[in-house]
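A lone chain, given as structure tokens: the form predicted on its own.
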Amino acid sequence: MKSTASIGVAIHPNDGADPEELVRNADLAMYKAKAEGGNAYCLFAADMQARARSAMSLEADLRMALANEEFVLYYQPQFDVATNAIIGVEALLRWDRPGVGIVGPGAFLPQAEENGLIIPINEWVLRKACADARLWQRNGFPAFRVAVNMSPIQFRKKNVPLQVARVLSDTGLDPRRLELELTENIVMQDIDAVANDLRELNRLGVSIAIDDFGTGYSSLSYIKKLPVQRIKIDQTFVRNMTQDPNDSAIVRAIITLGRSLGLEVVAEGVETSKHLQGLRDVGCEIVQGYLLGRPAPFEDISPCIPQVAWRLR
């Protein structure tokens, strides 16, 4: 195995007046080099201390958020274009941060990925989404799916099928009502191992979707090897498809690819009636976006589901 080095550099006197301060600041620079991919060097910068303190504070707040159940799930509906029926919802993580309010995942998930808190956070998301879906199932809602986003770190731990089976058993949710969304980056880390995990999940009855399709490795060489049921067109292509012929061509190509492989295709980012009509014209099967329904917490979206479905007609 090839060894590489990450080096942090601090220079006297600007970066420290004594050996202890220099070593401490060089250490901060080294971790910055590691965070940027490693096998590199990084010079200490004055704002590194402030960023390190901010990261430590955020980590402490995230641990408190887990303990105090400050996380909440919002759900965004997905619609079948042909029947106008809601066929699923995507579970989206939010943090009801004390003194701040509702915070989106972009503000805290990168830090959670770095410090390992992404594992308990994602476990909470999976369990909460399954529990909510079980309530919808018990209350007689249509048999739609709940989609949960997965982290690369979860697949590195090699226990995803076991974890999912345990949560399904604990919550009593019909496995056919659960969908797991993976990005292409997760798949390409170890395609054979991931494919085995996905086959086990399929055997449980859980469906699999590739999220943000078109932005990563998007190729037949991997998609044909994976037991997936859906691909989701990245919203950047959908949002620009009415102005940019290239994006329109990409959307059509992904839909054609999905159809040829027997996969359902979901288009994200549907924000205007032109987006919706354009997707109908090229044969897209499932749509999701602000035009049809914004993400909302469980108690808000449940009574609104019939109204949101009517708006698609």
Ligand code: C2E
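Keep in mind that what you see is a predicted model, and the values were worked out from it rather than measured. Just count from 1 along the sequence shown to find any residue number.
The same protein also has a form predicted together with the named molecule, omitted here; what follows describes it.
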{"item": "Proximity to the named molecule in the predicted complex (heavy atom, within 4.5 Å), stretch among 134 to 142, 196 to 204, 159 to 167, 88 to 96", "value": "88 to 96"}
{"item": "Option touching the named molecule, based on a heavy atom within 4.5 Å in the predicted complex, out of Ile118, Leu180, Leu173, Ile231", "value": "Ile118"}
{"item": "Option touching the named molecule, based on a heavy atom within 4.5 Å in the predicted complex, out of Asp61, Glu285, Glu271, Asp27", "value": "Glu271"}
{"item": "is_contact(Arg127, the named molecule) in the predicted complex, heavy atom dist at most 4.5 Å", "value": "no"}
{"item": "Pro227, heavy atom within 4.5 angstroms of the named molecule in the predicted complex", "value": "no"}
{"item": "Contact test in the predicted complex: Gln235 vs the named molecule, heavy atoms, 4.5 Å", "value": "yes"}
{"item": "4.5 Å heavy atom contact, Pro295 to the named molecule in the predicted complex", "value": "yes"}
{"item": "Contacts with the named molecule in the predicted complex - residues in 122 to 155 whose heavy atoms fall within 4.5 Å", "value": "Asn122, Val125, Asn149, Met150, Ser151"}
